[in-house]
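Each of two forms of one protein chain follows alone as structure tokens, named structure 1 and structure 2.
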Structure 1
């Protein structure tokens, strides 16, 4: 992605500057800030993309942003990390100001490279296999919870958040918090405040909290302090276990122990602060993204009964309520894979990625200076008929070897990037998909879905608070005959 002066000269008539691009008119000083609802930012940027094209500019306060939706350019930008682009300096500033330890999500440059090696060691396939029984145990608890709610409306997102919190704390840190059975969701309550606050402060034009502390800001401080204390406790307990049981150095029982092993290797350049930062990353990302992805999948299945029926047929043909879960059988559910991929195409929980240019560079035909912030819209082309036939339809068949539209699965994969792309693609994607598959097999072998609804009877609204969540989903179940 580094700029070649000769290439620029040879294409001088095509190269544009940021100031040359179209964009929405704004106000002095504030720019376009008042035209954007933070919770609907992704939708507004997608709407402007349809109006102004795949490259346009937006101004929020003093910040001049480049917005891109061309999937090829988005892919190139995502793959040009960490050398060409990084997380924004604003995100790092917000993260530090909130006293959050930096993990793989927010790290840049050499720090990111060192942490990446540690985290990838924790996600080694052999380790993931060792965590599998713990994941199944949490799914059994979710089943028990739902059996107690038969015939009643279930707050779908709240229960799925409990499921993901229990799963991530169990397999990542060896902590059995069991919010599904105890109802004690203190950790979840604290976690739920952090990502939305990061999102809000990252986009704020006026940093009021530096001068006036509202009750919500003081509550946020308390939540962050509690989460940091819990993380320090996780690390200390893991080190104590590893001292008492040295065999855990060879065969760690959870992700945290695996990360500590990797950090303790000579020359790693990592310490317990780096480990703590990635504990936080796993807690935040592991809770929010998987729960919201499952909620969107169930919402789409309910509104597409033929797809739901076909998925039931596949799952019930391979599993009964008494069949033990196995990674081999779960990975053989091709139609479930297709349903998950199609759901993430239409409803990616991360519909955009903000990045910052580390040097002067070309993005498509736009020459941008060092420091320019780019918002890459990951969903825009994925739901455009110009790139994917009948793009608005929920059609899992397009993810099979040859979709019913005749479009190659590879072309759909190139356009849809729910986990990102390039070196910084989500390292926990396999684990997240496995978690989703276990939950879906449990649900469709034990229960029949009686209803999934929203308070106004309309399709679930999209709500962006760092990740994109569906609002107000309620589910009613009955036991499968």
Structure 2
């Protein structure tokens, strides 16, 4: 494979090879594997980036990885998809080996192109508007749950997970799922085994389960079989509903119906396996991400009382507990938008995107061979004073348009990419933001936050398990005065 010579000439500096790059010293065979704790992988890679610079190499077993943190280079590789870079082949293999149907997140090439069209159709703004009543119903249930917990400690992350699980599972399965009021949902308990296993197996250096099957691996197989069966059933039920009520072809009431609709369009090249793969993908991609983003937002608001007060002022000025939620009003909450953007800058729940080069290519001044795996770090520059003034401060004002040119907001927008960038940018971002806004309006119009705490009284620690979660947050609420 030839690299464009003009691309090499146009760089000012000497072209480097992967082997020329600095990087942490490792052990023979294992490389740097023992220096990395999976749950803190993102922090270790960010720390090494401060030590070794924006391009460095890491070796995990036999795999040599390129780590990049320069936001311009990150943005360029994310935009150079699907031609230049794909998701890692390993993710696809892990997914297939676990007998999960291929969905958008792990798909590559032609399959990705076709599925992306189907998923984007399901996130069409007019469709999302039709999902809105179901989303508000889940927010009402969270309100009731929290009213029952007044004065006692709420496990914040667990409750927010119930909220996002009920919202996304309801939309993706086409069934009302109610873990907020009825306790654990049986399918969700299976999913709770499957998703962490995808993360663990994808990062594993030794694939022991190919040789020895532990009781946990057998339980995982059973959970996967159950979930696959249930999803097939949901697809059949949705098809039957759509035959009975043909208007659902024009105005689908959930993500599942919208995806079936898009798959049934002539020439889509998709079938019910693609739909099933994406039901699972929606759950994988849409539950922890939104719940953890909300949890981080609340913990940052609590430690920045002036910001919390201003946000209360904005929300309470527009909504009373009796005001019905409406997308128009929610979209007019500029300060809430700014708070969400700012908390995702400091606490992006997907702090890195692993990619694989599809051809020999230049990344910055580094020439990498086809097949090289790159970890693009999304947060490194967003929290550096060299790029963003007082970067460690939680300051939503930096997201509000300043001056005629809007220069300040434009520069922070270019650097902070919590939803990724380019053709594979998160398709669920508007739904996630809407879900977060509904929850914040519900919380701040009905309640006063009495306390948000961690077990050791320090800021919540970051814990990476597929997404980056805050550890141990508890919240206490009072009814609003």
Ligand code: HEM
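Numbering follows the first chain given and starts at 1. Since this is a predicted model, take the numbers as computed values, not measurements. We call the rigid core whatever largest set of C-alpha positions still superposes within 1.5 Å between the two forms.
Comparing the two isolated copies of the chain, the first one is the form predicted on its own. The Cα shift for residue 377 between the two structures, taken after rigid core superposition, is smaller than 2 angstroms.
A movement of the C-alpha atom of residue 195 reaching 2 angstroms or beyond is seen between the two structures when the two forms are aligned on their rigid core. Remark: with the core as the superposition reference, the CA shift of residue 174 between the two structures reaches 2 Å or more.
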